[in-house]
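Take a look at this one chain, the form predicted alone, written out in structure tokens.
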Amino acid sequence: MKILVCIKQVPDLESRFKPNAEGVWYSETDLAWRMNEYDEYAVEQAVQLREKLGETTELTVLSIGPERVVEAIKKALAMGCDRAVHVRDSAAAAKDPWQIASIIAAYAKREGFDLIFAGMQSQDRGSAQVGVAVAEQLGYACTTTIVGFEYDNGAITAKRELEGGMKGVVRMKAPALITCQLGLNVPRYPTLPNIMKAKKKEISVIPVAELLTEGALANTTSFHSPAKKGGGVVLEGEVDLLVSQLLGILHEKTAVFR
């Protein structure tokens, strides 16, 4: 059995973001980088399945981006992935979700993976489109935002998080693609021995031009901070007085009573 897990390297959310020179994305200057949080759940689930199925299963991790993404790849290898693919692309941030999905699908088609795991969404772009777009291009069954996963001889049972705290159960057969989120598992911390083992694992490098033939369907036109809003008003005093003050504010500043 062949399993693929897709990861993305994203800035740490504690970083100080500012627009780049073109004003269409964030500047990468002085940012700290990490594996996308949702992708960590995908890696953990893929590794757990790899451990369950044994030596007959091969688990590959794939990431798209410049040279720096190798650090995220090495973490996935230290968590238990067998081999890695780095699709080298210095302009990955400028590509839309369909193009990113096309790159992944092109590689997956020629390798013939039975299962593909991915994070629900990335923490920087947050479109939640790449996983489902990969499944569409491959013609795979797909379920998203899973918080429970079981696999038995090609049959998949996944529990999905729905609105209002509800859960849905999806059953499907491989080949399939699954996107993962918080609550599915607890990602393991790479131990020192596994970090050392990861240094000996294969990382294949593929130029993005070898896989991408799709043009952009969408372009980011601007990147900026949200407009600042005024602070709230704190009312203090007796209830009768507060009610009178609140009604006065609503009459003056809103259309609630108009």
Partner chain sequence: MKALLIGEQREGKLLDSTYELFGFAAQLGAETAMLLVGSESQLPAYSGTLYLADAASCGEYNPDLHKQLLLEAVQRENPDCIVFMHTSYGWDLAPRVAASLKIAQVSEVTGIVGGGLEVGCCNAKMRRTVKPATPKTVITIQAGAFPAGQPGGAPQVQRLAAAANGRLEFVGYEPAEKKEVDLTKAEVIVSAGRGVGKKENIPVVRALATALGGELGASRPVVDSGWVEHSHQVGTTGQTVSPRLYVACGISGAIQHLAGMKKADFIVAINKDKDAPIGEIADVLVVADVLQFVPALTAKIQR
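Numbering follows the first chain given and starts at 1. Given the structure is predicted, the values throughout are model-derived calculations rather than measurements. Rigid core here is just the name for the largest C-alpha set that superposes within 1.5 Å across the two forms.
Below: the form predicted in complex with its partner chain, not depicted.
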The one residue among V132, A92, L115, I73 placing a heavy atom within 4.5 Å of its partner chain in the predicted bound form is V132
With the partner left out of view, is E37 within 4.5 angstroms of its partner chain in the predicted bound form by any non-hydrogen atom?
yes
Against its partner chain in the predicted bound form, would Q99 count as a contact residue? Criterion: heavy atoms within 4.5 Å.
no
With the partner left out of view, is W33 within 4.5 angstroms of its partner chain in the predicted bound form by any non-hydrogen atom?
no
Any of the heavy atoms of T220 lying within 4.5 Å of its partner chain in the predicted bound form?
yes
Going by its partner chain in the predicted bound form, which residues of 164 to 182 come within 4.5 Å of it through any heavy atom?
G164, G165, M166, K167, G168, V169, V170, R171, M172, Q181, L182
For V24, is the C-alpha shift between the shown form and the other one 2 Å or more after core superposition?
no
Please say whether, between the shown form and the other one, the C-alpha of L13 moves by 2 Å or more once the core is aligned.
no
